[in-house]
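Shown next as structure tokens: one chain only, the form predicted alone.
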């Protein structure tokens, strides 16, 4: 048992709603605060001096400079397990090349597939572990990581096994997702539906046997899989006992509605969502996950975060960290930029990076500083929580707990 403190401010995120808009005056802020922790759980939060007086024999982990305590961030959509760079794609896009032109020249997702296939398990593990450790330094303690750059039996399993090995060797909470339905791989003999059936019949049973993942994702888009074939696939995935999430409405609207219809945990991207999809998401339990890193990387409009919140949706913010469309991977910077352009309150951003993002991963005991939650915490060297977004990602936590 120990007491952490004292903090100039503890931003507990207590009493905030899972859905809809949030004003900053709804934030619970404990000044001169302390946190009592035992056995990897928060027991009590309150005034630091009062906690020390109440528990005089408990070890005190003293904070010696003005600090703000936040829950650690949750990045609920990443592609952190990959090999190689796609700097050539980025330069070509900025020079005016289209997605199809870049793909025809050897770029795009298939470029990352080839590089990841060629990478040994050991090298892929080291690359992924280094990236995860960097996330932790930036206050991100829960990270979803997808497969999807293997696209055959050997390499999809390689990726998911690497992700599990990283999970066992870091203090981050890693959640793996099978994204074998990223695109149909070149060289596969058969239709899109044939490939999806191969995943169902050959790959997913092995993933379940090895307990490599309990989540399945699919990219629904003109360049990947259409709504009809995706619906059949996802229904069968659910029948196998997996949770589902969807790459939805990135360039074409409509798939977010399918995500809600099938009870997906989240619909991610949403840059192309219209009023129809916004309303459907708002009236559901499916989390709307927006990915500002992809908009920045591709030079595309941001997802309609403000409209989603005002309609009543549960909005999470994730990095989409990947070598192609979102190579920055800096979640706090992306969230701060999104807030500027979409006029999101600080409370909405913090909720979207913490307990609302944990809902997208179906985790219920992280993302707030309240009793019986895990003490996944981060500390910033400032005395006003508003400084964190004000510096647009330049101010990083100096300590994680």
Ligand code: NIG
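Since we're looking at a predicted model, the values are computed, not measured. Numbering follows the first chain given and starts at 1.
Beyond what is shown, the protein has a form predicted together with the ligand; the following relates to that form.
Scanning 325, 80, 273, 72 against the ligand in the predicted bound form with a 4.5 Å heavy atom cut-off leaves one residue, 325. Checked against the ligand in the predicted bound form, the candidates 176, 250, 230, 142 yield a single residue with a heavy atom inside 4.5 Å, and that residue is 250.
Stretch 316-324 is the answer when you ask which of 254-262, 205-213, 276-284, 316-324 has residues with heavy atoms within 4.5 Å of the ligand in the predicted bound form.
Within 4.5 Å of any heavy atom of the ligand in the predicted bound form lies no heavy atom of residue 90.
In the predicted bound form, none of the heavy atoms of residue 198 sits within 4.5 Å of a heavy atom of the ligand. Contact annotation for residue 99: at least one heavy atom lies within 4.5 Å of the ligand in the predicted bound form.
Remark: residue 166 does not count among the residues lining the ligand in the predicted bound form, judged by a heavy atom distance of 4.5 Å or less.
Although the ligand is not shown here, in the predicted bound form the stretch 206-234 places heavy atoms of just one residue, 219, within 4.5 Å of it.
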